[in-house]
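Same chain, two forms, each on its own as structure tokens: structure 1, then structure 2.
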Structure 1
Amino acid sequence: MLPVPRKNARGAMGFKMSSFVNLSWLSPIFAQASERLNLGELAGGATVWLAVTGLSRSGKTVFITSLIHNLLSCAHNPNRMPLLGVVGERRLIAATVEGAGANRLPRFAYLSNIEKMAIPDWPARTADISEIGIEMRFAPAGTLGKLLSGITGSPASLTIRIVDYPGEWLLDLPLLAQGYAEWSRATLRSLRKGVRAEIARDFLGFVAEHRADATASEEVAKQAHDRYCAYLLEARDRHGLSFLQPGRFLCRGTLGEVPYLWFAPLEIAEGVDTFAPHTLGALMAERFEVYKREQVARFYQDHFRQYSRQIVLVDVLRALLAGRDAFDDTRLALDAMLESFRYGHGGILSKLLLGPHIDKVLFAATKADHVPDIQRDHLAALLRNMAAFPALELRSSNAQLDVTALASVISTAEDTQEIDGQRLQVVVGRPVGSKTQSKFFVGNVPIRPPRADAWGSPFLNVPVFEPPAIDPSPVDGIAHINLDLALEFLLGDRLR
């Protein structure tokens, strides 16, 4: 059977291999390989879903914008992404952005983001789920791919469908295994400890005046919800806390003010798990269950199950700077997020995700340009040691996992400075709001989570830096750290 001609997106004629190609004439080695590979995809193009997430201000929007811009620029400046095999081996022919009509979700705002970075300014942070497709056309590296490319007369192609979504949504997975009463007790216990006790004072005072066995009241439920959300926002934005549930209370996207969101934890005695009808506890519990069904489970079933590759961005430096409570909270958030990549028999995800699931996950410590080169390995080591990564890696049914440090945009330079008679490495950059550049000795990044008695003085001196001037035309690309290495881990096998 001959290849079937078709028109590509530009109207030119190409060929798409029929799914019933007779491969009996191939040598035995190719015939065996054909049983393991979808040859129609190799010849006509495949799609891989790359999901990008991270907690607030971890750099998701900048990461995706820089990734797209650098891929589009590789044809003009391949030296910008040399550690991505398809580029370093000079096999990339072209990269193009798919038209908006191909998107199922709202379109990621690449063009407006790159124009804002050209001002220069940082783009707005992720508030909802979005996607964008990048078509990569390249010369195959493998023997079978070269053969099929010769048959079709066309290069191989891969569409990378990038999905951006708030990492806070992953924090809700544990809710699926909890009832409202259990969640309320655990939440209120945490609200009475450390820095949370002061932040949540208004909410805790309100809860003390409204018992779970009181008559149900829409007004009281909404007031409790509003006070609880105010606590969550202050905990995140002013104190750097991360383990905050429910995630949609912080990142609602287009959801808006639907009534089933109007719940909050209440004071519930141990051993009490059900509530009499028409009580405040019963109203809250009902809404909690609807939230789990309509938002948490549906996200994993409708979106998460499509992803095959995932990168999770973590601002480790910000967690260190914010102090012990914020750092410990980031560790709790990482533990909760890791649950989304466990696929063991009988687990929550094994029941939700039927069919393919994520097979590669990269955790990346962002803003690696904020520390000197000799500190970047420390940054990655600290992230690896912040959560139970080794235990996760030992389970064969989990995704393949790695950890790195990266910077989507380099906004600093390195220099040395004499401090107390010693010549030390420093970073040079322009802090946000400043008109001039300054040198910063950032200190030492620990490779392990600090001991409780080590938080007496700040670990680092790292400001937020202004971005460099960026050419919005996809020619020169954007200077970065390890962006190409991250993409090679995540997608290198699909670009062979």
Structure 2
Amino acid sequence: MLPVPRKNARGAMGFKMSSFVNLSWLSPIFAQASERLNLGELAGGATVWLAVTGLSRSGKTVFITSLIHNLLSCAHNPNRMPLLGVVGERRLIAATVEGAGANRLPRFAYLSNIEKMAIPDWPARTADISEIGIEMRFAPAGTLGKLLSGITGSPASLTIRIVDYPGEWLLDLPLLAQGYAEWSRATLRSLRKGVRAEIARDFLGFVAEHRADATASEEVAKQAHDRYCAYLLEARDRHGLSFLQPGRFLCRGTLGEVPYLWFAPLEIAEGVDTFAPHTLGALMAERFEVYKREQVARFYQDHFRQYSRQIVLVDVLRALLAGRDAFDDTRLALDAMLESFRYGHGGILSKLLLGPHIDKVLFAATKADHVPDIQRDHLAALLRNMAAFPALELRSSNAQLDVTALASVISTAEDTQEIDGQRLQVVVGRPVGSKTQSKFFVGNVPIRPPRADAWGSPFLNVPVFEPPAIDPSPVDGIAHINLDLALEFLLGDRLR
């Protein structure tokens, strides 16, 4: 278990802001070190894949940008990441961004993100997979490591390949175990319950008029798809729902409008599993199968299988404030995501991924700077109690798991406020676009999912606070909460 989240001291913001990042800029310490080392033959090119995921807006882009910036800044300001062993023990020699080389995936836009944050503003929305490599050169810990490094004359080196991919994609894993008919029935059942029934009214009306055994029509299939996507978007953006399948309907990435995407669930009677040729049902089922093969299975086989460490970011506070339906839905989404870290025999993954798999996964409640210091461990505890983590931890074949709360960029300060005659801890920050600061108070964050009768009305407008002034040169780093602890859990063993 990680210690209680703690807040880093905020560094002085005394550096001049420049409008670009100069990567050729090197600290004197690093310049000296690199002269002594033969950079070309550093010990063996070890690589570890660190995958970062989470639903849209959970904080992936900001997390990776801040993590890289803080790692690059460590040579100057080790106080930014003291709980990352390799930094705290003063063993880090240098961290550098690797060139793009011939990487397969689009490059993670670290430079333009940090420039944007220096304005200050938040980086642009992203909806696709990307990667970036960070090369860490360090003095090994322990006698054997020191001895080896003494013999070869080189420090140890590890390239961390960070991959950012939409958490929505993990929601599709369960589809691999379902046929189209079964998926349709399950989806329509959930569409008729609770808030969904209201949001999906238009789509359900359309489905009632188009039977699966009607003659296939390209036009009807596309209309069904468009209406289903409209429902998904509304459910996400206006109601804060998360368990929305298929994941690529909301996060297409560069996929664009390929025809096999144009499917949607239809009304299919219990017991029916196949469709006569040239019916609407057959067309939908065919597209569903191609989608599973081309998108879902392929992601696991081509990408996911390489990852050995994973962090899943969750905006727990937003889910909590968005009300009971949204919160329960986030729990369903988390449980579905957990399936990707179960590797026992007989599971969907055991057939898809042979060989090594993710061995450590950290679930992190992000944007912990939205609540005062004393509430941050509550945020982590609530996340721990939201999903079936204990069942995952029981089996040793599964990934090792931990839960924490973090803030990639502290954008608020602590304050107090008198509410109903009581002095309460609040956070204060400047909402984007506002000239003045405002205080934000969320009440007590419960450590367990609230009882059915304890819910208030949904609140979907969590303020977006402006990030602090950030020096885009990797010197001072960015004030954060628990980034160093998170990285120590995920990669500490590889940096010894």
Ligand SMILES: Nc1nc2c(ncn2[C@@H]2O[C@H](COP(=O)(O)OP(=O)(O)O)[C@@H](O)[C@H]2O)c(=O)[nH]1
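Because the structure is a prediction, the values reported are computed rather than measured. Residue 1 is the first residue of structure 1, and the numbers go on in sequence order from there. Between two forms, the rigid core is defined as the largest C-alpha subset superposing within 1.5 Å.
A.B. asks: Just one question: which structure is the form predicted together with the ligand?
C.D. replies: Comparing the pair, one sees that structure 2 is the form predicted together with the ligand and the remaining one is not.
A.B. asks: Does superposing the core leave residue 446 with a CA shift of 2 Å or more between structure 1 and structure 2?
C.D. replies: Comparing the forms between structure 1 and structure 2, which are aligned on their rigid core, residue 446 does not shift its C-alpha by 2 Å or more.
A.B. asks: Once everything's superposed on the core, is residue 68 shifted 2 Å or more at the Cα between structure 1 and structure 2?
C.D. replies: Residue 68: C-alpha displaced by less than 2 Å between structure 1 and structure 2.
A.B. asks: Determine, after fitting the two forms on their core, whether residue 462 shows a C-alpha shift of 2 Å or more between structure 1 and structure 2.
C.D. replies: Superposed on the core, residue 462 moves its C-alpha 2 Å or more between structure 1 and structure 2.
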